[in-house]
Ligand code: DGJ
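Presented below, as structure tokens, is a lone chain in the form predicted on its own.
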């Protein structure tokens, strides 16, 4: 049983395979958080968080227990923390009441369990009939404002999800000035936070810092989760690593502005909050209406980061991504963007498809430049009408020509943006987000469409449907190449402009739900200037994301390594591109480019008509090899072996994927630095059966699994720049 209700202790305990999460209704009706960590036999854990010592200038609630002078909102481990009522720590919810007062004091009303995982109206969320749901309802002491806490328990994955629905049953509107989903008080201790910062072409760079008394925050105010930060962090023991120590993963299932913040407070306790960024957020909830907060997905591991990551990987693959392609073998594709940019016609594309097919490529993707008068990035976004002069006929005819080469056909869209030089903008300039009193800012020569408006979303939906119905299209790359500025919607009154950011996301999710439901046989891939919106929210609608516009294999070591902390290999778009690389001019062996791209959704991003015969043969070999390892790579347990973020420890980056039963593994090692008189390096493998014998790449020699895991495997060294090796580990 994954949910235990003890009415005598007034505790609610969530149990997964290896973890336990507990909350308790105290004597005043406050829902206190008592424990989240390793699984134990049941007991009431309130003793570990009870308010014993007081702190100065921490007020008592009006109805505090008179025998507990230390009882204060500023000290209680609250399951939902409220601003404005004496809690001066990080709080998650701020309510402006009907009379203008600020604050709420939720008290317990009821709790119930449901079979299966809850869903969220208008928002992405994990799903599953095998999961269990706990719903705890609280009500403000004064006003008829209800707080419904939803918990989803995925026992097998050690995954606990959480959301919050705020319901207004008063006779007037209330305002939410803050509506974060998560308040989490950590067990006593000293913790680090790992987060993943970056920029365009350098996403998800791992950084680790100690949580101290000042707040540490990871956030975005760009209208997207962004290249610069990612809505996922790890809070961990100060000595935790890949195999040892406690680690709490906290991920937000949301693609817009977010905040994850932590601090050590006056009581030397660490508190974490996560949810929608409260900056420029002010949301009116009408009488008898409700506000739904995005979901937070949490995983605890007492065996380090590796176990935590694999829990997320399995849950995302099986219970977040949806549709035909979530576990299907996906086609090897070629995208023409870096091969042609805007300079192409139908004959050029068909010639590329013809050569690519010979090498085993299965899907041809036509990127930007096929619509309107789009020969550069100054115009035509919003005019989703094929340019039949450039395509030398209809889109349907081009698709047929590609199909006749034996390949599927895919297409690129950027449906959320609009060019000033476009028919749509000339007809509807109000469709773009723009302030009345200021000239709008331009980024990449484009504006952002106002997706808070249903009529704008409907217009784009109808345009996309017309295109997708006109040809045999098997794949869509959905791009978003600028962030949101000029935050003003002409469709909302002045007092509701603080709702635009979130309403934009609701409009986007509505469009994604409609378009992906209408075309279940199309493989959708998310992109935002590469990895600018690589988050769990987008993965609910599209099973893969273009990991970065940077396709350089050596830079990708860090990018894909950081991404792997939360997101599985099967979600990472990864392609082989030309050298010198278009992003950094690096020259890398074609074999290394392939080996790195294997651990993603392997594809090509170059002009194959300009390749040598040797290069074509190498790509054909890679495609055959990638397909032979496909299930092992995409579905295996993933382990990070040597980090590219610690060059002082090794000249290699290495990772491994292993069948769940330990019978087979694939290791990739890439050497990113060269030196003279190099020393021998060994890598310790993971996930093998300790007492079984293994062979490496079919050799005669056998190695005990425990030896490979405790002593390691020798990394062979090719005397070239940026060498790489694959090691196939099989039972002897």
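Residue numbers count along the first chain shown, from 1. Computed from a prediction, not measured in an experiment: that's the story for all the values here.
Beyond the structure shown, there is the form predicted in complex with the named molecule, which is absent from this document and is the topic of what follows.
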Exercise. Looking at 140 to 148, 515 to 523, 541 to 549, 293 to 301, which one sits within 4.5 Å of the named molecule in the predicted complex if you count heavy atoms only?
Worked result: 541 to 549
For this session: State yes or no: in the predicted complex, is some non-hydrogen atom of residue 370 no more than 4.5 angstroms from a non-hydrogen atom of the named molecule?
Result: no
Exercise. Is there a non-hydrogen atom of residue 223 within 4.5 angstroms of a non-hydrogen atom of the named molecule in the predicted complex?
Worked result: no
Exercise. Does the named molecule come within 4.5 Å of any heavy atom of residue 475 in the predicted complex?
Worked result: no
For this session: Indicate whether the named molecule has at least one heavy atom within 4.5 Å of a heavy atom of residue 527 in the predicted complex.
Result: yes
For this session: Consider the chain as shown here, without its partner, and state which of 118, 509, 337, 501 has a heavy atom within 4.5 Å of the named molecule in the predicted complex.
Result: 337
For this session: Only one of 638, 412, 305, 425 comes within 4.5 Å of the named molecule in the predicted complex by heavy atoms, so just point that one out.
Result: 412
Seminar exercise, completed: Restricting to 474 to 499, the residues within 4.5 Å of the named molecule in the predicted complex through any heavy atom are 477, 479, 481
